[in-house]
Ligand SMILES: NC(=O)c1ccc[n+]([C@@H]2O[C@H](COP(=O)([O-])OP(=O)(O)OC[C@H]3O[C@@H](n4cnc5c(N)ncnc54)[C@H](O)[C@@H]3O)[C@@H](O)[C@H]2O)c1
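Form predicted alone, single chain, as structure tokens, below.
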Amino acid sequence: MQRNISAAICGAGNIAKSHAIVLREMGIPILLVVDINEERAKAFAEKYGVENYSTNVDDIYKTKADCVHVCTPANLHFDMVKNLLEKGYHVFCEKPLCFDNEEAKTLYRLAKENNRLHAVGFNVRFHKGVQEARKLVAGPDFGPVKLIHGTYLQEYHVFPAPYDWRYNEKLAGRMRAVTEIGSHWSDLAEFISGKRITAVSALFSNFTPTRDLMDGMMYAPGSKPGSEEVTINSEDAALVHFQFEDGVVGSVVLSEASAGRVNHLSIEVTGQKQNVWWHSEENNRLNIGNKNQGVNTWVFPFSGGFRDTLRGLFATFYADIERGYADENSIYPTLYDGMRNVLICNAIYESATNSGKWISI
């Protein structure tokens, strides 16, 4: 950075640690970290060279930070982001932006009215293969987009699984697979294709509504004598059909309980002339299909993983902060994208709880 740009962080959990590491690598001083747990805030500040720590979010407003990173549970996002925008801070908010459609629209409106720069944590956009796929789809050889489909599969909630904040509806909301991993997929679908989702039809599956809970871990029902019984309402898996602009159709399979799938995100876009697909388990490869020519695989040997995508996102966002305005060619996700994702996720929930009825966005 050419001038003395600084940051502050709300929250001291795992994702906040990733933010702190990348900010330090970029040479951006972190003036304050705020967390409800004082010991955690202090340890975070000591480990990542943060100047001050606090348990009071209002202390953020006493700093001269240019940008505040909101890395708290999602139930706190709306009030925090609203207050920060109104007080003149640029904001980076982890996803989901919030739970409520009208609150999401309010945050986007406030960002525009206060002329503040804003970003949301859809970092997967910054995988090299994803960005090259976007260029191919927009190019003259691809042809009009016709079909978009894929998966996002993880094993995190296969038994035994930790009973953590993700199961707390107050903190995480009423969905799990859709908001945690499906939100990344739908953002990529729109980002790569350039087509907005206009309607959804969805089905949910909760593999095990009643579970045994012992020592903070969940197990199959009846497998742990003497355990506490807990009821889980959020979905382990979702099947979602999409309608996009211009008659484009699509679908995705989401699962957080697929053993062996540590983090498998795949997306394939079919055009009139070409087909392109990418997945996170081989994130440095991009496959392009042409009729009667087989598959051409592009390899990006110097591309990285999660941390590199966060670096890419932060670099473009902070370049705009340094510039003082959003470059028209910037591709980082903004509160507009965060707002759209809230609308999409809530439409998916409405559809799944109404027997797969098509819901317009």
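Start at 1 and count along the sequence shown; that's the residue number. None of these values were measured; they are calculated from a predicted model.
Separately, the form predicted in complex with the named molecule exists; it is not shown, and the next lines address it.
- Residue R166 is the only one of H279, K195, K128, R166 with a heavy atom lying within 4.5 Å of the named molecule in the predicted bound form.
- Between the options R116, R134, H157, K95, the residue in contact with the named molecule in the predicted bound form by a heavy atom within 4.5 angstroms is K95.
- Across the options 31 to 39, 61 to 69, 324 to 332, 294 to 302, residues that bring heavy atoms within 4.5 Å of the named molecule in the predicted bound form belong to 31 to 39.
- Among residues of the shown chain, A74 is one whose heavy atoms approach the named molecule to within 4.5 Å in the predicted bound form.
- Although the partner is absent from this view, N14 contacts the named molecule in the predicted bound form, with a non-hydrogen atom inside 4.5 angstroms.
- Although the partner is absent here, E180 sits close enough that one of its heavy atoms falls within 4.5 Å of the named molecule in the predicted bound form.
- Contact between H184 and the named molecule in the predicted bound form is found at the 4.5 Å heavy atom cutoff.
- Scanning 272 to 289 for heavy atoms within 4.5 Å of the named molecule in the predicted bound form gives no residues at all.
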